[in-house]
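Same chain, two versions here, written out as structure tokens and called structure 1 and structure 2.
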Structure 1
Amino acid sequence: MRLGVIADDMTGATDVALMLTKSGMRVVQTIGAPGPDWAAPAADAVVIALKSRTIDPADAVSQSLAACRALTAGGASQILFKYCSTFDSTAKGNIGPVADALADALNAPLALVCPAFPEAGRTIFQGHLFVGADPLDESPMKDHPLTPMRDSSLVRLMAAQTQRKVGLIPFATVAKGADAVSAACAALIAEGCRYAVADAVTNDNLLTLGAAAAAHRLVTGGSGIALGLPANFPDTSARGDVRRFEAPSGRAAVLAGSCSTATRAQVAAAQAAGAPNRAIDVGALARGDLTAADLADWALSQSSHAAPLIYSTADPASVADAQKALGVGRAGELVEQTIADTAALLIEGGVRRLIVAGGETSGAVIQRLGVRALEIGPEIAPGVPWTKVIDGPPIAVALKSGNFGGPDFFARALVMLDARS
């Protein structure tokens, strides 16, 4: 392993893992803070997915330090601390406290702070973070329920979370290239700064920053900053390649527990295309008239060439009815657990390629299957790769957050694997 990444949430981890994969690295994502039995997987980059964005800062620090120790012990010479491209945090953290702890652990004299992700409209100019045309504090992020962002100055936002001095590398310097950025870093260190907020408006700027950070032990930022890091490890860039990704062969199935607009369109498209499909009746589940075993038996009795679709996906009125009858929490949990149990039975029955729609639903399935590590494969839709379980059952799995992907997502994902096998 050359590069270690600590991501503060699961979707962010997959996002940065995909970015590194597309830049030519072989990437493995592991789930949760490493315990004593954690062994570094064979990969150019390892991304550890934590859920530390809004937990108590002390817990975030200890989980991140455990991840850092595991990654450096596994051979990582550089650590990227990945947070959200809208710098989701509060004055208490957790970006500042985690970055401080990592910088100390790694003896890093200075770390870049760069959440820019121009492709998603997140740019930084004079240290101010923009979401599209709006400064961060005028974007919808100002009203986020957990991390409302009420300032756009990353220098001030970072300074509020750390005792250490925060400086700026302005656009005019970044535009001059990597040597100018390196000189600016040295000047900031001489001034006593430990963090350098770096402007970036384009992907070229991110490549410049990546090149300038070649010798940095710690880099912090969004998934955009990962764009320029693989080039610092030329021996990996040449050989890591998603073309090497091989999905296990075997039958496929689709489990949809999301009720988002995009997933509803995907379920409708699969039905229109003639895929065998079965709805989960939440009332029948609650009465015990329908079980995961019934659903799995139905799916396994379909032609092994078809990818059966089992879905709880429903319109808002049906969801509201189920929630009224059972309570929001109970309805969600019942559906999630049923889908997770169904997934386990399908795998026992020989399914080797699984698509799961829904963020929470995916979490429940991953937990039920005991998955601890994933190899990142080719991109199906922006932000959603095929993955292969490398610590857990021998399957390929695509975990799709509800609103991701176009209407043909399921078919597209399956065809993509067929074309490779």
Structure 2
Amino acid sequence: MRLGVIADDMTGATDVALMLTKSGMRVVQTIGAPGPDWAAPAADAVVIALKSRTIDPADAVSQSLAACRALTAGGASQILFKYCSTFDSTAKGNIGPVADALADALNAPLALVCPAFPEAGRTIFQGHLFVGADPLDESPMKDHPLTPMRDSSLVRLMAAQTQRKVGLIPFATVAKGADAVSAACAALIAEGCRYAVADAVTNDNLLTLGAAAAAHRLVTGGSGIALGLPANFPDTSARGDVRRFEAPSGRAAVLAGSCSTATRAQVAAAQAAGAPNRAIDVGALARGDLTAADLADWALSQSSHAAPLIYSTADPASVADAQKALGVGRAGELVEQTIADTAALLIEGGVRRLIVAGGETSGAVIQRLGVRALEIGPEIAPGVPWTKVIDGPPIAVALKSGNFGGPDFFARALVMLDARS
């Protein structure tokens, strides 16, 4: 292992694992904070997927440090702390506290902060994060039920989560190349900065940043920053190859927990196309009038040739009503647990192709299924691959960040898998 990655949610882990595979590395993704008996898999890069984005900051730090210790013990000379390309974070963290702990553990004098992912419309200019043409705080992320983003300035967002000084490497510097970025990093260190928000508008900018970070012990950002890291390890020549990915046969199902604009459009498209679909009534869940068994029984009663859709996806107003009635934490946990239990029952019932929409939802599903390692397969959409369970029954799983993919994502994913059967 040369590169170790700590991802704060499941979809982010598959996203960055795909990026590294496409860049030429042999990659294995493992699930959960490693225990003392953890053995590093044989790979150029290992991605450890945590579910630490919205948990208590102290727990997020503890799990991330455990992952860091395991990765460095396994040979990683550089650690990438991967978080969402929209910098999803609660007011208390967890990006800042985790980055602080990792920087201390690795004795890193400076770490880049760059969640840019141009292919998915996430760009950074003058330190401000854009989602498409909109500043982050004017994008749909402003209404995220768990991590509402009300500022687009990454310098301010990061500074609010750490006591350490945060600087900026502006686009004009990045455009001059890796040497200019390296010089800027040295200048920021001299000024007492521990973090450097780096502008990036194109993939070429990300390659520049990757080259400039060759000697950095710690890098932080979205999957885009991983585009430029494999070139720093030229001996990792056994290229990742997804052409051998073989899809298991069996029934398919779609579980959508995200309430993002993109996932709402995907649910609407599936409904318009005639897919069997059933909404999760959060009130009925709370009263005990609806259970995971009810949902799974309904899905398995549909035609074996259909891919039934079960969703809690709703507009911001409906989400706010549920949170008001049950509390933010209770509403989210209830839905996640129900979807995770439904997934386990669907697998027991013969489903072997599962699409899960939403980062928190994906983490809950994978934990409930007891999956510990995933093989990275072909890319469905930027940042979203098919994966296959390595340490259990042959199950293909697509874990989709809520904001990713076009309206036809669900149908497109299943057609792609049919071609590999």
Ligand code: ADP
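Predicted model only: the values in this text are computed from it and were never measured. Just so we're on the same page, rigid core means the largest C-alpha set that superposes within 1.5 Å between forms. Along the sequence of structure 1, residues get numbers from 1 upward.
*Asks:* So which is the form predicted in complex with ligand ADP here, 1 or 2?
*Replies:* It is the first structure that is the form predicted in complex with ligand ADP.
*Asks:* When you overlay the rigid core, is the Cα of A120 off by 2 Å or more between structures 1 and 2?
*Replies:* A120 C-alpha, core-superposed: shift of less than 2 Å.
*Asks:* So with the core overlaid, does the Cα of A265 end up 2 Å or more away between structures 1 and 2?
*Replies:* Where the cores coincide, A265 still shows a C-alpha shift between structures 1 and 2 that is 2 Å or more.
*Asks:* Verify the C-alpha shift of R251 between structures 1 and 2: is it 2 Å or more after superposing the core?
*Replies:* Yes.
*Asks:* Using a rigid core fit, what is the CA shift at V384 between structures 1 and 2, in angstrom?
*Replies:* A shift of 4.3 Å.
*Asks:* After superposition on the rigid core, what is the displacement of the C-alpha atom of E375 between structures 1 and 2, in Å?
*Replies:* Between its two positions, the C-alpha of E375 lies 3.3 Å apart after core fitting.
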